[in-house]
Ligand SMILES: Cc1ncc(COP(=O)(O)O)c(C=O)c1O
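In structure tokens, one chain follows: the form predicted on its own.
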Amino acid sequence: MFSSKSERLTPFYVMELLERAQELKRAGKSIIDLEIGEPDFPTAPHICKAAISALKAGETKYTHSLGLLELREAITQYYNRKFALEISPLQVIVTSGTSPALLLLFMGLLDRGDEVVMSNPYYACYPNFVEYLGGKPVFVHTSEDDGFGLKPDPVAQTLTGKTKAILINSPCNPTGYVMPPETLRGISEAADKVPVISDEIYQGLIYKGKDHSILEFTNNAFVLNGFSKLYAMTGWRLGYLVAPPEYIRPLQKLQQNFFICANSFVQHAGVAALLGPQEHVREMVGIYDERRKYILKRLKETGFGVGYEPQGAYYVLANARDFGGDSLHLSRCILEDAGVAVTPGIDFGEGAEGYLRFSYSNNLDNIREGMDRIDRYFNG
């Protein structure tokens, strides 16, 4: 028998929708994917070339448990230049994706009963990470009217003697909300001595305003980031964690014991991604913005409520309550009957029940066809 905590783990419903969509495709049915956060762009050729060159050069051995120094230097150069920081390569741990970085961090921070404050709605897996390691997620409910954005005052009111961290995500999945600098500063000040964990995996995918990092506002912070979204490298499984210096040694011991190190030749690809040409990134962001504007227009015309227009990432969390209050049932019906896969809001907490998340990481022709099908399904 598996452990009781494994039995309590909730499904990641978007993955089950994706798997059902794949079954329907194999059976010959046309399915449009608007459910997953998977960039439809290929990884840039110079990044692939770097990985191939590393393989040919025999870079297939273990690396330092913290990651290649060359990659850690590139990561800190990127952050220091972009946000006017002075972080050191000794503050970086390279991981096999951003999720392992979060797992390492919670393994290091949490004892049984410790609390982690986060917004509701939230990225689907956050509470599962915390609960599986014996912690307790504490939710701050947010409002559609202001983009489901986490605010400093409600965060401060939830802090207790058991609070071990405040978890934020900007640009945000599932809402596309981008925290303004005054909010990041306010949460940092509200946290006092509690560290802020900032998931910045969608950093760079922003359509209005300027990018920001929590590290601009406090040193008592952990940053999670990676290459999956900005560099269209989801399958490469390469991420990193930036931490205060005093936390690196205990995190390194966890990495050594549970993951050894990240994939060696993929780390060389990460160096090429950060230090190589960036024109493909700028072009990709511009195309996402075109898709964002289009899908927002179509969602509103179809009858969905969009109280906040996303400014980052590539998601819209749309109010679907006029079509049904059970988002999981509604998403399954849309998939089976209209041939479009979308994500049920319940994946992101009860605060998103009655909503559907639409991803515009697919190409514009597919988004257009998907919205046509959904419009016909609801409006005839």
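In this text the structure is predicted, and so the values were computed from the model without any measurement. Each residue number is its position in the shown sequence, starting from 1.
There is another form of the same protein, the form predicted together with this ligand; it is not shown, and what comes next is about it.
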Heavy atom contact within 4.5 Å of this ligand in the predicted bound form, the stretch among 247 to 255, 79 to 87, 168 to 176, 303 to 311: 168 to 176
Listed residue (H212, H268, K229, R292) with a non-hydrogen atom within 4.5 angstroms of this ligand in the predicted bound form: K229
One residue of N120, N263, T163, T98 in contact with this ligand, assessed in the predicted bound form (non-hydrogen atom, 4.5 angstroms): T98
4.5 Å heavy atom contact, L71 to this ligand in the predicted bound form: no
Contact label in the predicted bound form: Y126 to this ligand, heavy atom within 4.5 Å: yes
Proximity of V242 to this ligand in the predicted bound form, heavy atoms at 4.5 Å: no
Contact label in the predicted bound form: Y202 to this ligand, heavy atom within 4.5 Å: yes
